[in-house]
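The chain below stands alone and is given as structure tokens, in the form predicted alone.
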Amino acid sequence: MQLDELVRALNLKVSCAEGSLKRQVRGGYVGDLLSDVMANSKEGDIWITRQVHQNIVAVASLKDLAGIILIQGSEPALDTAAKANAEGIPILVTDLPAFEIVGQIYKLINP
């Protein structure tokens, strides 16, 4: 499933890098500990987190993740948004908690 399809299906707010939504979502990873995400996420994963600082962009770029979803209405910090736009890393926002958005994503990419 492409990231733009996920955005539409889940009514996600595109906060950063709107021009990079044609990425393929192959799986997902949930976590707030950057070292855990670096060690265990896979290329093409959508990352669900509560973190909003600019290091999330560095991790997403390093791991070639499809994008980042911030939960519970969290918004990226200004420097995070600037870095995400510069690097083409989509940051999406949902008002849902991690448990709910992960369940919905799982159903969509694993029919």
Partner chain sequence: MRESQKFEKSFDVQGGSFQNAGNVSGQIKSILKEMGVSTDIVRRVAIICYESEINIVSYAKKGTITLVVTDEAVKIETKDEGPGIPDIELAMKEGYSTATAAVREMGFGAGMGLANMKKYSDHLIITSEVGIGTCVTMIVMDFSKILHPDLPPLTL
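Being a predicted model, the structure only gives us computed values, none of them experimental. Positions refer to the first chain, counted from 1.
The form predicted together with the partner chain exists for this protein as well; it is not shown, and the discussion that follows is about that form.
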property	result
Any non-hydrogen atom of residue 71 within 4.5 angstroms of the partner chain in the predicted complex	no
is_contact(residue 62, the partner chain) in the predicted complex, heavy atom dist at most 4.5 Å	yes
Any non-hydrogen atom of residue 51 within 4.5 angstroms of the partner chain in the predicted complex	yes
Residue 32: touches the partner chain in the predicted complex, heavy atom cutoff 4.5 angstroms	yes
Contacts with the partner chain in the predicted complex - residues in 39 to 58 whose heavy atoms fall within 4.5 Å	39, 40, 43, 50, 51, 53, 54, 55, 58
